[in-house]
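This document opens with one chain alone, in structure tokens, the form predicted alone.
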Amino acid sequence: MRSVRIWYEKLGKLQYISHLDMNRLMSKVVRRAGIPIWYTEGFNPHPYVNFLLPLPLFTQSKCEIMDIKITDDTTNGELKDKFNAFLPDGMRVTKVADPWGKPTEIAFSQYDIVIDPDGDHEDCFMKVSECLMGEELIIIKKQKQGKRKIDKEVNLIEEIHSFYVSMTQDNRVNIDIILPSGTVKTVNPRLLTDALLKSTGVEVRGVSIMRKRVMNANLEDFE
């Protein structure tokens, strides 16, 4: 038995699939593709599939990561081909390798947030830039305190590692941003986007979010 790390894309309509549904989907793919996966022991055995960094709803990704364990000498290249033969449209395994870093080393994700303004694109660009360069972007989050849940103010500006705002060729606003993303702290990019649009009052035709890198605390690609 050996551990294998798999990188894959989750694009298009698959952004609407929840983490629970992803578990079910991957379990079906494993069975149909004949992946020699190791099953957990106990009363209810199930295929060992570990998603290292669950993706929030309404977010696409070019760098999802999961670990599996296999029970024979199938090569990494063969595993890649087996998965890609049965994955649905919008999913594609891009890399299969032996695990290197520990999942707890994941600290940041880099996203492209693309805003399609319903109005003056230059005004949208200025308002978004000014808001992100400001000192406060407050949201209220529910936090457990013993058996109760209390409201807590969170300043999202303080959670941002870095960002860069630019205009695309088709007059949309692109935010290239690095946010905490791991076992210690995670900021949902959709939460940030919703707060940003509410604060600026910008009207939009649509917003898309793409995770493009997963990094450790030193901003190195997680392997």
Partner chain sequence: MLFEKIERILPLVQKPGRYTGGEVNSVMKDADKVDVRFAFCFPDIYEIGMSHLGMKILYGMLNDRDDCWCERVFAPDKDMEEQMRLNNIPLFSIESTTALDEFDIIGFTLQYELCYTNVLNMLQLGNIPLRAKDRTSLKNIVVAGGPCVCNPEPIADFFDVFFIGEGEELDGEFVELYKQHKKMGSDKQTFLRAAAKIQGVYVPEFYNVEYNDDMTVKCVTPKYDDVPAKVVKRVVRNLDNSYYPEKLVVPFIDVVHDRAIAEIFRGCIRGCRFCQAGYIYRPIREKSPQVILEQVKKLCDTSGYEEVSLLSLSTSDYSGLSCLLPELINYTKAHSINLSLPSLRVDNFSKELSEQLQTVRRSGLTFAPEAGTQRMRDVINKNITQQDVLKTAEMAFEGGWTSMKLYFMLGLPTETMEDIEGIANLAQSVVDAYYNSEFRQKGKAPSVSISVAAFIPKPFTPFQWEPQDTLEMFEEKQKHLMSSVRSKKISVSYHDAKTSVIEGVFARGDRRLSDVIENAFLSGCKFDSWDDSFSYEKWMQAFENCGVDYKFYVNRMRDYSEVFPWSHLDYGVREQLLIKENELAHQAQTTPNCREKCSACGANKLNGGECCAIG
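Numbering follows the first chain given and starts at 1. All figures in this text were calculated on a predicted structure; none of them were measured in a lab.
Not pictured, yet referred to below: the form predicted in complex with the partner chain.
Check your understanding: Does the partner chain get within 4.5 angstroms of any non-hydrogen atom of residue 88 in the predicted bound form?
Key -> Taking the distances in the predicted bound form, the answer for residue 88 is yes, it comes within 4.5 Å of the partner chain.
Check your understanding: Does residue 171 reach the partner chain in the predicted bound form, with heavy atoms at most 4.5 Å apart?
Key -> Although the partner chain is absent here, residue 171 would stay clear of it in the predicted bound form, with no heavy atoms inside 4.5 Å.
**Study point:** residue 118: touches the partner chain in the predicted bound form, heavy atom cutoff 4.5 angstroms
**Key:** Yes.
**Study point:** Contact flag, residue 47 vs the partner chain in the predicted bound form, heavy atom cut 4.5 Å
**Key:** Although the partner chain is absent here, residue 47 would touch it in the predicted bound form, with heavy atoms inside 4.5 Å.
Check your understanding: Looking at 31, 198, 161, 185, which is the one with a non-hydrogen atom within 4.5 Å of the partner chain in the predicted bound form?
Key -> For this set of options, the contacting one is 31.
Check your understanding: Heavy atoms within 4.5 Å of the partner chain in the predicted bound form: which of the stretches 173 to 181, 151 to 159, 66 to 74, 52 to 60 has them?
Key -> Stretch 52 to 60 is the one.
Point to revise | Whether 94, 112 and 167 all lie within 4.5 angstroms of the partner chain in the predicted bound form by heavy atom | key: No: none of 94, 112 and 167 comes within 4.5 Å of the partner chain in the predicted bound form.
Check your understanding: What are the residues of 20 to 41, in order along the chain, with a heavy atom within 4.5 Å of the partner chain in the predicted bound form?
Key -> The stretch 20 to 41, when checked against the partner chain in the predicted bound form, contributes 21, 24, 25, 27, 28, 31, 32, 39 at the 4.5 Å heavy-atom cut-off.
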